[in-house]
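A single chain comes next, written as structure tokens; it is the form predicted on its own.
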Amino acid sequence: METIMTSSQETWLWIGTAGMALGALAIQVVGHGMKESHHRVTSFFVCAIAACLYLLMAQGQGDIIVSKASLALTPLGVGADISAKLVYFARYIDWVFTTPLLLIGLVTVALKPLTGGGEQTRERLGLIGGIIGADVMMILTGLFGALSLDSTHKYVWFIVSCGFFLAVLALIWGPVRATAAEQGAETAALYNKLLAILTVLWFIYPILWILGTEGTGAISLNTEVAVFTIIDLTAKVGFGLLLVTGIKKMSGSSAATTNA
């Protein structure tokens, strides 16, 4: 039973805090002067929110000990079987805010600006609502699984969470990708690049969940925290910088073409 934050975990959480804070600053600097500033804004807040939640965990405020005691009569009297684990719940608070922002940053690469209302607007809002709704449910059901000590409950919630994950993937690889293709080769290329990177990174999360202490316990909490931090920094800071530089480059080439 791992129920105490170790010095190794604390070190990695401080690395996450510093990395996210520096990432937010870097995105502001790199994205300065962007024509489409919403990409810079969403990417900045992804890192800023993550920095605050990593700080919460690094200070020992973002975790909780989940425990369960079972009593049984034995020849020696009443015996107690106690199971417990340390869960970093702040991770899920981070993800429930930052993953929708990441998806908004990705999706708005593909979706051209609306010029009016009507059916097109309703379809657009329905698509975005479906993506964000499935994403939030993916995170919440993952949290329910993390807080479960009963194996059956834990894996039921894990399967439900994976179902919502697949729904997100179906939408961003299906209708959104098709829309990106309609916007031209440059837009499609940037969207496909970002889509592939985000998909590969996000597939690591359920694998790490099932291998970590919230799942099978095949790897230690120290390893889990370290890998989560590295993947988080890549998926937030790395992805944000790629998004901002890609949009800035695309806007610059479009302006050059127009002037020519």
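Note that this is a predicted model, so its numbers are computed, not measured. Throughout, we count residues from 1 along the sequence that is shown.
Note that the form predicted together with a small molecule isn't included here; everything after this is about it.
Though the partner is left out of this view, residue 180 does not reach within 4.5 Å of the small molecule in the predicted complex, counting heavy atoms only. In the predicted complex, the small molecule sits beyond 4.5 Å of every heavy atom of residue 84. In the predicted complex, the small molecule sits within 4.5 Å of a heavy atom of residue 232. Residue contact check for residue 45: none of its heavy atoms lie within 4.5 Å of the small molecule in the predicted complex. Stretch 133-141 is the answer when you ask which of 186-194, 172-180, 104-112, 133-141 has residues with heavy atoms within 4.5 Å of the small molecule in the predicted complex. Contact check at 4.5 Å (heavy atoms) against the small molecule in the predicted complex: all three of 95, 99 and 165 pass.
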